[in-house]
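So this first bit is one chain, no partners, the form predicted on its own, shown in structure tokens.
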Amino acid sequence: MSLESNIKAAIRDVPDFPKPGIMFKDITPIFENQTLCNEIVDGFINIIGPKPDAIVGIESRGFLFGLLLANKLNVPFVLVRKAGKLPYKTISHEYELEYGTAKIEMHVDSLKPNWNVLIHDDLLATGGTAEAAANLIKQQGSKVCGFTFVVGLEFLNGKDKLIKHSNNITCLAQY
């Protein structure tokens, strides 16, 4: 079976979560299969292109494979968190949600100017949070060299928001 097929076989569909009409793609069963976890990290490494200078992981599920990927590539791993969660000086970016706004932050000293930074999260939906992370990276004088996601929900067109930051967008499994 292909990596995409293995990922899809492990993902659990949870109907009506977090609200009626939503079919939630639960990736947590993947973490019970260490072979699949290793295949996912290797899958990203095989297709991301040139080695980045750092990997940014988006809270919270973006931390899981993001850290594994950064460790395997031997590059720094940088946290992007919801506002108020990081202990040191931060920069922030506010962005639009379907109803209201949200704000994410990263430490002011996490990235160096002109670094090529890969952004990782578990799932690409509308692309709003990943785009906000890209804006944080640019505020630090770094460049976005790509985006990686375990799952992409193509029907929500999230890639449309990200393409202006990088056309290197990888989703290992598509729905």
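For every residue, the number given is its place in the sequence shown, counted from 1. None of the values given here were measured: they were computed from a predicted structure.
Here the subject shifts to the form predicted together with adenosine monophosphate, a form of this protein not shown in this document.
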item: L153 within 4.5 Å of adenosine monophosphate in the model of the complex, heavy atoms; value: yes
item: L124 within 4.5 Å of adenosine monophosphate in the model of the complex, heavy atoms; value: yes
item: Proximity of H107 to adenosine monophosphate in the model of the complex, heavy atoms at 4.5 Å; value: no
item: T129, heavy atom within 4.5 angstroms of adenosine monophosphate in the model of the complex; value: yes
item: Partner-facing stretch of 65 to 73, 114 to 122, 44 to 52, 134 to 142, counted where any non-hydrogen atom is within 4.5 angstroms of adenosine monophosphate in the model of the complex; value: 114 to 122
item: Adenosine monophosphate in the model of the complex - contacting residues of 7 to 32, heavy atom within 4.5 Å; value: I22, M23, F24, K25
